[in-house]
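Okay, so here's just one chain, in structure tokens, the form predicted on its own.
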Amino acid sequence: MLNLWMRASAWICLAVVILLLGFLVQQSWPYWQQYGFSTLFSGDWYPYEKLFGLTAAIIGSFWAALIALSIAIPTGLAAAVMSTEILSGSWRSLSRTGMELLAGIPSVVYGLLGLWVLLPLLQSSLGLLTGHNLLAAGLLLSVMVLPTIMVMAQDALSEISSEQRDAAASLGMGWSERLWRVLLPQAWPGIRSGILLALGRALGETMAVMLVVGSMDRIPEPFYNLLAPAQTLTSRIGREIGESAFGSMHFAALMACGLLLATVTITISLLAHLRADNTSVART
């Protein structure tokens, strides 16, 4: 009976994903039909002039996710290594509980903290006209995806048997050598899955990013200027979906943004799970 319920749940989840993608394709089809994929390489987004370029939002999403991962990956790995290899059992449990509490905080709370604490700090310390920029979005996202990387890295490190640690120590390896040559290589598949899942969340986060990124529909000048107000695919959808009429070209363009996000995040999640499954099969 339990096996039957598990199979039914899996099929229901698959059906929901297919229905979601089908809805996005149907609603965005007029946009793709009229404008094609050339809008992926256009930065002009002026809905009242029927211009719906996606490049600015794609670049903004890329930079925000890149900043978040460049901060969260080393920080999360360091926290996982410390909690697994250095801290005692009670402190290890406390650190994991703290990370899980961070993961449970609603994104709008992060957004409000970013709006009232992070933005004034960036504005005053960097001498900016406004704190709304890609850097603020990336910093905020790094805190939000940190628990995913830390917890999955901790689980991957904990699965390595103590016999392997003892064998490495008996060969004369120091702590750092054991870490880089034994522990991290074996834990890498689980760490990689955590990074991919964190990337999916960073790309799909809406409310927190919308409050701090600035929502300027233009490509930063130069394109690597992280201190410029910008736009992401999620912030564009969140800010403009209430202003677009259902069935209009503006609505179809926003659904196209949603389709891009859904396709990328689902692909990343599948890669993470497939790599995790392949690793478990290889170990057995």
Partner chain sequence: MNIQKKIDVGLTIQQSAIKADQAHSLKLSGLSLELGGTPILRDISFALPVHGMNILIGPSGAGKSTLLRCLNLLHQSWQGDLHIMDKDVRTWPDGADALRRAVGLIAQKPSLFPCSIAQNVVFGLGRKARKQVSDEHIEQVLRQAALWGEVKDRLHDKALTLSVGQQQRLCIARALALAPKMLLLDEPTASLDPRSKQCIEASLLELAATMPVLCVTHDIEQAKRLGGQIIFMCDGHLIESGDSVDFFARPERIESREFLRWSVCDCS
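Residue numbers count along the first chain shown, from 1. Not measured: the values here are computed from a predicted model.
The same protein also has a form predicted together with the partner chain, omitted here; what follows describes it.
Remark: none of the three candidate residues (Arg239, Gly242 and His250) comes within 4.5 Å of the partner chain in the predicted bound form, counting heavy atoms only. A single residue from the set Gly127, Gly89, Gly104, Gly172 has any heavy atom within 4.5 angstroms of the partner chain in the predicted bound form; that residue is Gly172. Proximity to the partner chain in the predicted bound form, taken as a non-hydrogen atom within 4.5 angstroms, holds for one residue of Leu77, Ala168, Met207, Leu115, which is Ala168. By the criterion of a heavy atom within 4.5 Å, Glu100 is excluded from the residues contacting the partner chain in the predicted bound form. Heavy atoms of Val182 reach within 4.5 Å of the partner chain in the predicted bound form, making it an interface residue.
Looking at Gln164, you'd find a heavy atom of it within 4.5 angstroms of the partner chain in the predicted bound form. Although the partner is absent from this view, Ser95 stays clear of the partner chain in the predicted bound form, with no non-hydrogen atom inside 4.5 angstroms. Partner contact region in the predicted bound form: 174 to 182, out of 174 to 182, 106 to 114, 147 to 155, 130 to 138, criterion any non-hydrogen atom within 4.5 Å of the partner chain.
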